[in-house]
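The form predicted alone is given below as one chain in structure tokens.
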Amino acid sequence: MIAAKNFSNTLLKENINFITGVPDSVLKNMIFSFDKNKKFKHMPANNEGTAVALAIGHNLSTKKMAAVYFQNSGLGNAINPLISIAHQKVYSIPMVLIIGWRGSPNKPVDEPQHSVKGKITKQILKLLNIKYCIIRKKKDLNKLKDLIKLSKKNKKPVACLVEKGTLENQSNKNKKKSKKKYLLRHEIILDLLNKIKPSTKIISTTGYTSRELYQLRNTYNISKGSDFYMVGGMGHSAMVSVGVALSTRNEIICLDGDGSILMHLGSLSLIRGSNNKNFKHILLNNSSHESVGGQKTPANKINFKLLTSSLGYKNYFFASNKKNYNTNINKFLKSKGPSFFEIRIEEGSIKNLLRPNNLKKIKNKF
């Protein structure tokens, strides 16, 4: 294992102090170290393509390299700016990609989508002509140093792959514990399951939201409605929901998270064109990437009432406590959409969460 500070110190020694990226549980200890070290300018991004673009801008302004972190599932979002701007045959922009290697063939796989992406991650980097190394031990940081030098010399992106368990655990001491102020995610999901119509279809975003929905259905044997769990494709739950709503009269509910909704916020502009009366959108907002380490999002600074109104939603509802939740959930479910319900929630999830399995059976049932 490698101490996170050794990883971050390697970057500083190579004169890399601008860091951006999308949080990942494999890399969370390294991300905490960036936050704690004042020598870094750390700017988290909402999606991987945005992070690469920030790194490009940093280089254009300073002629210095930036580091970009994300999990390997985010390579798809990053490919466009990597190929069409940063590539050596286009603008030739150096940067180092730090990639959490979910689904590495050397590690047990927790979910099927990680296995799929994990097996092809190295091939994708080769197709992109991005040289890479695998970081498993402290001495492997020397390989990273050599790659960074290569990136500077040839002015091209390089990458390193980091497997689960490579970085030593450390607590995020900057994270302050607070008394419970809002409802918990699972409390809302359970109440929603008891209130929906038998024909309602729920599409739930990736992470704890889908896993809690799946577990609550199984624990309480709730059969009303049907679910589609976004085990991957973070940021796309709203558009999957709209796609479903366009071709059915059934009530469609999207259970979204703040990290997810921010990732592809521009896609919500399609709401105005779809004008689905059966589409209901719930934002469970804890201003946190909770399932990958609790890194903060800027969601609590956004006026979703004004935003959703401008995007074509017909109704906006808000709850920050049990009283106004109980008042507004019924109004929300009775409303004609597109309707948006922002619910401020606490961080915290059910312990020992199950993961949705037999995904093809889930799809067919949905």
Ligand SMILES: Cc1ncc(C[n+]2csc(CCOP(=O)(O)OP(=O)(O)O)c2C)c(N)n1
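All figures in this text were calculated on a predicted structure; none of them were measured in a lab. Residue numbers run from 1 along the displayed sequence.
Keep in mind the form predicted together with the ligand is missing from the figure; the text below concerns it.
Put simply, of 288, 215, 166, 276 only one has a heavy atom within 4.5 Å of the ligand in the model of the complex, and it is 288. Residue-level contacts in the model of the complex: of 200, 104, 151, 206, one residue has a heavy atom within 4.5 Å of the ligand, and it is 206. The ligand in the model of the complex comes within 4.5 Å of a heavy atom belonging to residue 22. The closest non-hydrogen atom of residue 97 lies beyond 4.5 Å of the ligand in the model of the complex. The closest non-hydrogen atom of residue 257 lies within 4.5 Å of the ligand in the model of the complex. Proximity of residue 185 to the ligand in the model of the complex: non-hydrogen atoms within 4.5 Å are present. Using a 4.5 angstroms heavy atom cutoff to the ligand in the model of the complex, none of 250, 252 and 337 count as contacting.
Screening 187 to 195, 73 to 81, 157 to 165, 123 to 131 for residues having heavy atoms within 4.5 Å of the ligand in the model of the complex returns a single hit, 73 to 81. Residue 48 is the only one in 40 to 55 with at least one heavy atom within 4.5 Å of the ligand in the model of the complex.
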